[in-house]
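So this one's two forms of a single chain, laid out as C-alpha cells and tagged structure 1 and structure 2.
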Structure 1
C-alpha cells in the first residue's frame, strides 16, 4: 500500500517535471496561430511543393500547364517514322476519307445544318467520296444554299470526314477508337504507342536535373552567383552597414538621423526608378562617365561596357539597398550596448578603435548573424535589379542563377517558356537556401540564443 503510494507520488513528481519541459499545446494558441499557418502553407509550402513537382516535368509553353490532349500531327508521324513506324502505317493514319453517306447526313442533321443546304449536298454528292478536305469544301461552296460564313461550311464538311490528323482528343480512349476506325490494319500495339506519344501535356522526367548536372553553363552560373552574393554581402550589406552604424554611433544625434534617412533612400525608391537612376548615373553621357571624362579617366558605359565595371555596378546598386538594412539593424543593436562599458573603457584610456574591436564587435555577433543569413537568402533569390540593369550582360558574364531561372521559365525571346527547367533551377535555390540556413545557424550557435536562460526570472 505504502509502496504503491510512493510509486504514485514518484509518477506524479516525474510527470510534473516532464510537464514543465514539454510545451503545453493550448487550443487558444493554435487558434491564434491558425491564420499564420494558413498563410504559410498558402504562400510558402504550396509554391515550394508545386516547384518541386514542376521541377520533375518537361512543362513548357508547348505542353501547357493544365492537362494535355491527344493529337496526332504530321510532325509526330515524322518523328515516329524515325523511331520505327512503318511508312504504310503512317500513310494509313494520315489518310482522310470523305464520304457523303447516310451516316454523315444523319450527323449533319443532328448538328443543326440548314436542311436546304443538306438536301442539296445529298442530291449532288450522295455516294461520292473525296480524299482532300479543301477540295470538298470548294465543291460545297458552289451549292446555292451554301452558308455565307466559312466556319459554317467547314463545320458541315467535317460531318462527312473520317480522319484523325490534327484533331485534338481529350482522352486516349477516344483517339484509340478513332485510330482503329481510320487505320484498321495498324496493330493495336502500334496504336497504343502512337496514342502514348501523341499526348501534348507535360510528362514526368528527371531530364532537367540531368541537364543542370552535366551542362558547363551550370558551373559559370554558380561562380557568378557566389561572387555576387559574397561581394554584395561582404562589402555592402554587412561591411558598409556596420561601418556606417559605428560611424553614426559616434556622431552627434541630429546629424545621425539625417544621414540614416539619407541611406534609406535606395530602399524606399521604387525599384524601376532606382534602376533608371543607375542607368543615368553610369551610361555614356551619364554622371560618372562625364566626370571621368573631365578627369581624363576612361569614360564609357560602365553598366554594360566592360565586365569589371558591369560587376562593380551590379554589386554597388544592390549593395546600397542592402546597406541601409544593415545600418538600421546594427544601429539598434549598438544602442543596446550598456554605455557604462564604453565610459569605463574611456577611463581606462581606450581609444575609439579599441572600443570598436574589444567592446562593440564582440557584442554584435547576433545582428551580424541575422543580417548575413537573411541577406544571403534574399540575394540568392534576387534578380530584379540585375534584370532591369545589366540584364546578365555584357555577354552572359553577370548572369546569376536566379536570373537564369527567371528567363528560362518566364521571359524568353522565342516564346517557348521552359517552366519545368526553370522550376528545377528554382528548386535548387530553395535547397541551397535551406542548407545555408542550417549552416549559418550552427556556425553562429543560434541554439544558444534561443536556449532557456541560465537564471530564472
Structure 2
C-alpha cells in the first residue's frame, strides 16, 4: 500500500510539474497580439511574397502593371528580324493597304475633311482598294474639290489607310485575324510567334532566372559580393570590433568611455554626410591625396581612380560603421564575464593573451555568432554606401549584387526599369541569406543555446 501511494504521489507531482511547464494560452493575449500579427504579416511577409511573385514575371516600365494589349511596332519587327523573321514577312506585315469603306469615310468626317471633297471620294472610289498609297494620292489629286496643299491631300489619304503597325488589339484573336488579312502569305506559325511577342503586358516567366544563370555578368557580381562581404565582415565588423572591445576592456574606464563614444561616430553620422566626408577625404583635392603628394606618393582620386583603392575605400567606409556596431555588442558581452575568473587566472600567472585565448574568446561565441550572422545578412543587402560613393565604379568593378538589383529595378539609366529581373535578384539574396543563416546556426551549435538547462531548480 505504501509503495502504491508513493507511486500515485509521484505521478501527481509530475502532472503538476508538467502543468507548470505547459504554456497557458489566453484569449485576451491573442486579441492583444492580433494587431501586431497583422502588421507583421503586412510589412514583413507581404513584401517577401510580392518579391517572389514579381520575380517570376517580366514586369517592367514598358509592360506596366495593368492588363496589356497586342501591338506590332516597327521596333518589334526589327527585333524579330534579328531572331529569324524573314525580310519578306516583315515587309508584308508592315505593308499599308487603302480601302474606301464606311470606316474610312467616318474617320475622314471626324477629321474635318471638306464634305464636298469627301462626297466625291465616296462617289468615285467607294468599295475600291489600293496597295500603293501614292497611287491613291494621285487619284485624289484629280478630283475637282481636291485641296491644293499636298499636306492636306496626304492627311486625307491616311484616313483610308489600313495597317497593322502601331494598332492596339485587346485580344490575340483580333490581331491574328488582322495579320492573316494583311499578310496572307505569312505562315500561321510565324503569325502566332509575332502575336505572342507583341503582347505589351507582364507575363509569368522563368526567363529572369535563366538570364541570371547564363549571363557572364552573374559570376562577376557573385565574386564582387563575396569579396565585399568577407573582407568587410572579417577585417572590420567582427575582427576590428572584437579587437577594440578587448582593448577597451583592459583600458581604464575614463579612457574607455571616451574612445567608445568616438567609435560610435560612423554609426550615428547621417549616411549622406558620412559619404560626403569620405569624398572630401579621398578625392583629388582631399586629405589623403594631398598628404600623398607631400610624401611623393601617387596622388589621385582614391575613391574612383583605381580598382584597388576603390575597393579599399568602399570596404573601409562600410567597415567602420560595422565595427562600431560590433564594438557595442562585444563590450556588453565582455562585461558579463565573471571577473572572478580573470582574477583567478592572474593568481595562476596567466598573462593578458592567455586570458583572452582561454577565458574571453570561448565565452564570446554567441556574440560573435550574432554579429557574424546579422552583419552578413546586412552586408548582402546593403548598397547605399556604394551607391553614394563609388556607384559601382570605376566602370562596374565594385558593383555588388544588391546594387545591381537596385539599379535594375529602380534606378536604370535607360529608363526601362526591370521590376521582374530586379525582384529575381532580390529573391536570390533572400535564399542566400536563409542558407547562410542555417549554416551559421549549425556551425555555432545554436541548439545548445536554446536547449533546456541541464540543472532543474
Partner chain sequence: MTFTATRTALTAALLSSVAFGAAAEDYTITVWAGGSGDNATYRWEAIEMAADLMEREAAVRGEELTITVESQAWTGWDDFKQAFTLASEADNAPDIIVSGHEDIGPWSEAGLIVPIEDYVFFDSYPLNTIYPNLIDVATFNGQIWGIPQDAEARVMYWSIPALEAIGWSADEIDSLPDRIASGEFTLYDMLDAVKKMQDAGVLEANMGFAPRVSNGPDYWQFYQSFGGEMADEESGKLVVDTEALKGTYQFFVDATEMGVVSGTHLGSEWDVWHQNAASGNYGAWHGGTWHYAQWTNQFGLEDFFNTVQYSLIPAGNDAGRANSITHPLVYLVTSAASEDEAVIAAELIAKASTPEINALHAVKSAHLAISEDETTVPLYAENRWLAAASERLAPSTNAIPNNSDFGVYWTAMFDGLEAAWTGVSSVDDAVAEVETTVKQALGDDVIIR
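Residue numbers count along the first chain shown, from 1. If you superpose the two forms and keep the largest set of C-alpha atoms that fall within 1.5 Å, you have the rigid core. These numbers come from a predicted model, not from an experiment.
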Check against labels, form predicted together with its partner chain ends up as structure 1
* Taking the rigid core as the frame, does residue 226 move its C-alpha by 2 Å or more between structure 1 and structure 2? -> no
State yes or no: after fitting on the rigid core, is the Cα displacement of residue 168 between structure 1 and structure 2 at least 2 Å? yes
Original post:
Against the rigid core, is the Cα displacement of residue 216 between structure 1 and structure 2 at least 2 Å?
Top reply: no
Core-superposed C-alpha displacement of residue 66 between structure 1 and structure 2, in angstrom, equals 3.3
Shift in angstrom of the residue 75 C-alpha between structure 1 and structure 2, rigid core held fixed, comes out at 5.5
